[in-house]
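The chain that follows stands alone, in the form predicted on its own, written as structure tokens.
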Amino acid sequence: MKTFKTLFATETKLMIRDMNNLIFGVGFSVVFAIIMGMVMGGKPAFEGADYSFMEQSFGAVIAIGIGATGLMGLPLALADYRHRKILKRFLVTPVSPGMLLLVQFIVNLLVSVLCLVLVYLVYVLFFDYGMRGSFLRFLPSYLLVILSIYSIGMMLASISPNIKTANLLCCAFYFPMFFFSGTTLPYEIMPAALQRASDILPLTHGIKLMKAASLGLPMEHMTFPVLLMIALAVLCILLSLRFFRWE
């Protein structure tokens, strides 16, 4: 436990000093929420919708922070440690791959939670937002999406042999999800062909899950996204532990 606490404290300090995670994992989502609110206001989400664009976009804006921390921040931090031979030094310490991945998971989770809180405050204070659903349903959905997306990041961090490969893999996973999963362009107004393509992306189903929970929509049809998120998390975590590279 002492080793875990020391590693966690060190990684938290390094994350704060670096600021990249805070800028892209929190700041970008907050700025995007403000701009979107100023442009869209209380307009309907799409023609015939009984909820506003801002109401339906809450989960999507939160997902921007999840993607930035889970698919960029987490794997690139470990890849950088591997590149600078820092991970190699951990071989002679009590730190295990599982502990290292868990600490990175928690540190980035804190950034995502900060993103959630600040975006929610922006929505409430400036755009009169009120969640139609229940936080008791939204929070489990939110945590499940984090677990699944972060598990992909842990897998990328574990299998990348060097920083260049990590950058390539992170971009290959992050940017398609950023542009086509519903974070920037709502899924409902996408052309049918683009919707079918975006359904391949895990974050698309995560956003659908959070959107249903935040809008108070029936959750019965969310069985597939839930099962997909769970299966993805289990698979990627197992791969992360199996193929973790110290150097």
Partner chain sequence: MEKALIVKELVKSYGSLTAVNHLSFEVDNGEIFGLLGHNGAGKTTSIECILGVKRADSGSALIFGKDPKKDRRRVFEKVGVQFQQTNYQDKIRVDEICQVTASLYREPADWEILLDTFGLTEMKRKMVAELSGGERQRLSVLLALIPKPELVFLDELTTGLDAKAHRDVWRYLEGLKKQGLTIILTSHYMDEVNILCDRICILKKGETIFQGTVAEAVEGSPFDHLEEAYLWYSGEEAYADENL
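Since the structure is predicted, the reported quantities are computational estimates derived from the model, not experimental observations. Residue numbers count along the first chain shown, from 1.
The discussion below concerns the form predicted together with its partner chain, not included here.
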* May I ask you to choose, among F127, Y120, F105, Y81, the residue with a heavy atom within 4.5 Å of its partner chain in the predicted bound form? => Y81
* Asked: Which pick from P161, P176, P140, P94 sits with a heavy atom within 4.5 Å of its partner chain in the predicted bound form?
  -> P94
* Asked: Is the gap between A172 and its partner chain in the predicted bound form 4.5 Å or less for some heavy atom pair?
  -> no
* Using heavy atoms and a 4.5 Å limit, would one call L168 a contact residue for its partner chain in the predicted bound form? -> no
* Examine V113 and determine whether its closest non-hydrogen atom to its partner chain in the predicted bound form is within 4.5 angstroms. => no
* Using heavy atoms and a 4.5 Å limit, would one call F243 a contact residue for its partner chain in the predicted bound form? -> no
* Structure fact -> With a 4.5 Å heavy atom cut-off to its partner chain in the predicted bound form, the contacting stretch among 235-243, 222-230, 5-13, 21-29 is 5-13
